[in-house]
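One chain comes next, on its own, written out as structure tokens in the form predicted on its own.
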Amino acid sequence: MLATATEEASAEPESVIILCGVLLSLVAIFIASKAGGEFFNWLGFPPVLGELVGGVVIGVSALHLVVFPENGDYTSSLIMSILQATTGLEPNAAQTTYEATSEVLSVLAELGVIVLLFEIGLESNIRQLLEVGIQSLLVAVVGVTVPFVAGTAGLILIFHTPTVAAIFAGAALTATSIGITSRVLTEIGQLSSTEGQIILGAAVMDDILGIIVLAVVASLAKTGEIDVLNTVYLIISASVFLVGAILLGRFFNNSFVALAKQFKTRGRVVIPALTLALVLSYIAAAINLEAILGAFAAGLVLDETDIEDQHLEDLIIPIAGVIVPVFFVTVGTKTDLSVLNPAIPENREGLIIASFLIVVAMIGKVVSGWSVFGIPQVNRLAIGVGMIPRGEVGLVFAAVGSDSGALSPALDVAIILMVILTTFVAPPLLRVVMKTEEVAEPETSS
């Protein structure tokens, strides 16, 4: 009895300290997102880029306020130092508290990208996506195949990289961050354009292809052979999931509207909508797909859903405004710019390999825009540029490759550098090429 009481007494303060750590971290994240977003908006750049930079400032590369376990232990986190000074956190419990706090923040970041993709799905038009479906598929296939083949072959032939490691690095080049690209398209008012719909559809398909590629190369790294059955399973499950969601969309939409009309209390529209998004996200994750695909499918299902005077898209915006920045700032906090330091010997080889990977990463995606056919006056450069950012998807590839032991330190650094540069370069570049199109249109019409 005494032992149980003691355990309960010690557990409660620990949970309170973890809460304090999360609260302080969110304060830093919200300040960074707002300051960075406003500053970059003032400069004329996409606010999402400011959120990423804000994350870099408070993360492992600068202030060390929000630091995750993959970048260091609790001693490298300033927030943990503050907790030790203000809450009496003992050193022997600090690492556990640090890991628990980081886990909570990671979950919140994942929720952020789920809400973002749900919002993007609501803003998209399922009929327009189906109209450019073949175009999106071609862009995705070319955008996966070209950088994968060029990157893998180049690493083997030029840098004499072991085959499995080269395949892993080539696979990392196939990724596209749908979250970052879709956010930029929304900010510049181009999400519903033909280019925006092709990019969005291609990014979704790219995610599916990326998951399959990752599963294949991860199996190759662990066992030395490809798991054919798992690959076939992923292809079938992804196809059935997305096609099923689209085909059943009308039924879901009508049922949702009928149900929401029966509710009279606060959240009568938004809570059922988010529930559907979470259910589909769970199903996607449970069958080894990305949860964000489920959220995006839910958004497509509920596209153009209006109930009396309440517009679902308008109701989601305030929620997204709170939780989505956590995702982008978190991506920034994990960006370790120390890999750019040529004074560190192991970084030098990585910088050389990174230069090659960055060129292949950008050209490989840009050429995918030229696979679009049959659509006059489409901005193919914008489509290609929209596929460039690797973001969190590229970081997943890097993490899996590093954990498998297939990557050398130099190649690991090179992949991280490629992810960093493509993530930060793509948003302003996409804004420029989209503006070029807007300027060119009046001249064409006249």
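On a predicted model such as this, the values are computed, not experimentally measured, just so you know. The numbering used is simple: start at 1 and walk along the sequence shown.
Not pictured, yet referred to below: the form predicted in complex with a further copy of the same chain.
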Of the residues Leu111, Val216, Ala166, Leu234, which one places a heavy atom within 4.5 Å of a further copy of the same chain in the predicted complex?
Leu111
Pick from Pro91, Pro345, Gly374, Pro318: which has a non-hydrogen atom within 4.5 Å of a further copy of the same chain in the predicted complex?
Pro318
With the partner removed from view, which of 190 to 198, 358 to 366, 273 to 281, 138 to 146 is the stretch that lies within 4.5 Å of a further copy of the same chain in the predicted complex, judged by heavy atom distances?
273 to 281
Is there a heavy atom of Asp207 lying 4.5 Å or less from a heavy atom of a further copy of the same chain in the predicted complex?
no
Mark Phe263 yes when one of its heavy atoms lies within 4.5 Å of a heavy atom of a further copy of the same chain in the predicted complex, and no otherwise.
yes
Spell out, yes or no, whether the shortest heavy atom distance between Ile31 and a further copy of the same chain in the predicted complex is within 4.5 Å.
yes
a further copy of the same chain contact in the predicted complex: Ala291, any heavy atom under 4.5 Å:
yes
In sequence order, which positions of 354 to 371 have a non-hydrogen atom within 4.5 Å of a further copy of the same chain in the predicted complex?
none
